[in-house]
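In the block that follows, a single chain appears as structure tokens, in the form predicted alone.
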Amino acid sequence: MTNITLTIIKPDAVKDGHAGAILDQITKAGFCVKALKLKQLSAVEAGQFYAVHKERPFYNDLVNYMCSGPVMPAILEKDNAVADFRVLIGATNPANADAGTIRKNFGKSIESNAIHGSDSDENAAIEGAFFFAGLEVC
């Protein structure tokens, strides 16, 4: 178990002005922001990041969505970070997410669900390194 996870505030949430409220909810849940940036993903970058889904039918739509506007990736720190963050963000489909979760509060659909969260400690390390060089992490 590590104490970091990666999140990405997705294009619709950034565009709709929810990034500040989402970050506020994250920090109030006890997470410390160790790195944060605003980034416009290219199709190549989004494709590389989501390569694990390349054979899935939603892959092209996901890549197109993730490069449709700026995103805000962040490395977060907290004990049991990955598992606790998965609870905080809620179910992938905002309609099925628990009240008070980020996806329930800010998500619009399964695709436009406001936020990404790492699904394992291993992926948190890989995903964090994808977006941030060592000196960018506090």
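Quantities reported herein were computed from a predicted structural model and do not represent experimental measurements. The first residue of the sequence shown is number 1, and the count goes up from there.
Absent from the display: the form predicted in complex with a small molecule. The rest refers to it.
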Check your understanding: Of these, 71-79, 23-31, 40-48, 57-65, which stretch puts a heavy atom within 4.5 angstroms of the small molecule in the predicted complex?
Key -> 57-65
Check your understanding: Just to confirm, residue 87 within 4.5 Å of the small molecule in the predicted complex by heavy atoms?
Key -> no
Exercise for review: Would you check, heavy atoms only and a 4.5 Å threshold, whether residue 96 touches the small molecule in the predicted complex?
Suggested key: no
Practice item. Would you check, heavy atoms only and a 4.5 Å threshold, whether residue 110 touches the small molecule in the predicted complex? Key: yes
